[in-house]
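Just the one chain here, the form predicted alone, laid out as C-alpha cells.
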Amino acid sequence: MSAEKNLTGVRRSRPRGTADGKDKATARDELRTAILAGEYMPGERLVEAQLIERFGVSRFNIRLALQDLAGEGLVEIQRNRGAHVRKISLAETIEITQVRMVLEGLVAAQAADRVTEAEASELDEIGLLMRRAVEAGEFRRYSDLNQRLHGLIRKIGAHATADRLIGTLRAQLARHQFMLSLLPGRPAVSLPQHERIITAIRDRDPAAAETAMREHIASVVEVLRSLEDTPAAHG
C-alpha cells in the first residue's frame, strides 16, 4: 500500500480502494462472482463503501463496475437509492431461458460443423463423468460438469456474439438454475438429453445438434413453469 500525510503531518497507509487499487474490470468480475455465488441476495443493497473495502477499488471504479453489472441485468441502480441486486421473477426467468434456447441451439449446430476429434473426445469424457456423477448421486459435481459441457460447446462453436449474449443470460438465471439443481430426479432426466447433444455434435450433424439442444432447454422451461406455484419460486 502507498502512504500519504494526514492533516497532522503523520504519514499513514492509504486504505484499499484508492486509485492504486484494482481496476474496474477486476472489481466487476469479482462482484459478479459474489452475486452469482449468493453472497449478495436478490434485492440486497450494494453499499459503495462496503464494496470499496471488500474489493480494494476506488469509488470511481466501483461505480463503473456497478454500471457494467446493471447492463448485464444483475444490478439495478436507482436515483437517490443506490444500487441493489436485481430481483428476477420466475416469469422473466422463463422468457430468458426461451431466448437462451434459440441461441444455444445455434451454437450447438455450429459446434457440430467445427468440432475436431480432440474436442469430440473431450465431450465424450465429460458425458462419461456426468453419467458417473448421476450414478453416484453426486449432484453438485453433476452441476459443475453441466456448466463445463455447455462452456465447451460454446468454445467449439466459436460464435462470439451468441457466446456473449448467452453469458449475460446465464448470469441472470443463476438463482433459478440453483433451484433446478436441487430438484429430485432432475439430473437423471437431463443426463440423456446431454448425451444426445454430445452424440449429435460428435456425428457432425448440425440439425440434430440444434434439435437436441433446443429440446434440452425446452425441458428446463417446462420445469420452471412447474415451479410457478411453489413458495420457493416467489421467495
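Residues carry their position along the shown sequence, with the first being 1. What you see is a predicted model, and the numbers here were worked out from it, not measured in a lab.
There is another form of the same protein, the form predicted together with a further copy of the same chain; it is not shown, and what comes next is about it.
Are all three residues D68, V99 and R214 in contact with a further copy of the same chain in the predicted complex, where contact means a non-hydrogen atom within 4.5 Å? Checking in the predicted complex: D68, V99 and R214 are all within 4.5 Å of a further copy of the same chain.
Proximity of H159 to a further copy of the same chain in the predicted complex, heavy atoms at 4.5 Å: Result yes; H159 sits at the interface with a further copy of the same chain in the predicted complex.
Distance check, E119 to a further copy of the same chain in the predicted complex, heavy atom within 4.5 Å: Answer no; every heavy atom of E119 is more than 4.5 Å from a further copy of the same chain in the predicted complex.
Answer for A136 alone: is it within 4.5 Å of a further copy of the same chain in the predicted complex, judged on heavy atom distances? No, A136 is distant from the partner.
Examine E125 and determine whether its closest non-hydrogen atom to a further copy of the same chain in the predicted complex is within 4.5 angstroms. The answer is no: E125 has no heavy atom within 4.5 Å of a further copy of the same chain.
Choose one stretch from 44-52, 189-197, 31-39, 206-214: the one whose residues place a heavy atom within 4.5 angstroms of a further copy of the same chain in the predicted complex. It is the stretch 206-214.
Residue among L129, L90, L106, L149 with a heavy atom within 4.5 Å of a further copy of the same chain in the predicted complex: It is L106.
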